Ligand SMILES: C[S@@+](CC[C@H](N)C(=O)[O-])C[C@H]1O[C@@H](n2cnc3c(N)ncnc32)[C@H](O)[C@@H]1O
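Quick setup: one chain, the form predicted on its own, written in structure tokens, and binding and motion questions come after.
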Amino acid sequence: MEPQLESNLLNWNSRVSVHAKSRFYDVEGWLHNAPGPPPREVEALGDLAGKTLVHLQCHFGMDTLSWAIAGTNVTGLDFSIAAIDEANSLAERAGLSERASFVCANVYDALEALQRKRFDVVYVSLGSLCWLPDVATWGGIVADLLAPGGRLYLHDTHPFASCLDADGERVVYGYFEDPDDPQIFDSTSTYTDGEELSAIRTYEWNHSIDEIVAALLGHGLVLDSLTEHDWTAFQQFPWLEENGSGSFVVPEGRPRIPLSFTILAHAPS
């Protein structure tokens, strides 16, 4: 593994126990309420009961298991063995082990790790692509994981928002992908509450909207929709306001900017 990805792995291994105990994820509340997937995802993907879904970069599996609650046969893949262990534990506690499996592998090794199985849905959730230096290769992996007619659901941080400093006031990072020039961060904290991390250095890469779309179209996928959102799911900037439904939005009086985006695409039948 490249040194930059190894550093990221150490950081994500140290995040798992912090995140699993955080108020942000509220694992105990999730287990008690057993929520299915968010309505916006159900609206986009419909009823997936009995279908197969693979979640790339699944962390410790809460989003993955939400689809299992809805009757989907889910597979989660993540490069952190600590995350995979926590995901398997969470699946067992939720009584979802029969419909859920988790595999430890780097996303670039997903085809071999998943034995070249194909899925009805490839699912990628918020905060995924920035950890990958090469989005074109990722697009090929997505295409190879989809069954004929299978669909991609991608919801991620908007690359414009990733250009801004931590205060969200100035453009300080590049918009376009540069595998040789990642953003480097040293931080003892993460996007959740909780104790300090033991591994603090991370490397992130920005990918423009056109690079992401080209990565999919270049491997034969058909673009169904691209939607830019003025909301996100975490407090990315201090001035964002929670809207009461778990999303963070640009407050009145500030220019509206894109904070996240959703891409839906499908493989030819």
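Nothing here was measured: the structure is a model prediction, and the numbers come from that model. The first residue of the sequence shown is number 1, and the count goes up from there.
The same protein also exists as the form predicted together with the ligand; that form is not shown, yet it is the one meant from here on.
Only one of the listed residues (T232, N206, Q57, T202) places a non-hydrogen atom within 4.5 angstroms of the ligand in the predicted bound form, and that residue is Q57. Distance criterion of 4.5 Å from any heavy atom to the ligand in the predicted bound form singles out L132 from the list L132, L145, L152, A94.
Contact annotation for the candidate site: V27, A34 and W67 all lie away from the ligand in the predicted bound form (no heavy atom within 4.5 Å). Among residues of the shown chain, L126 is one whose heavy atoms approach the ligand to within 4.5 Å in the predicted bound form. When contacts are judged by a 4.5 Å heavy atom cut-off, S101 does not count as touching the ligand in the predicted bound form. Using a 4.5 Å cutoff between non-hydrogen atoms, F79 counts as a contact of the ligand in the predicted bound form. Within 4.5 Å of any heavy atom of the ligand in the predicted bound form lies no heavy atom of L264. Stretch 118 to 126 is the contacting one of 163 to 171, 181 to 189, 118 to 126, 136 to 144, since its residues have non-hydrogen atoms within 4.5 Å of the ligand in the predicted bound form. Residues in 209 to 236 all lack a heavy atom within 4.5 Å of the ligand in the predicted bound form.
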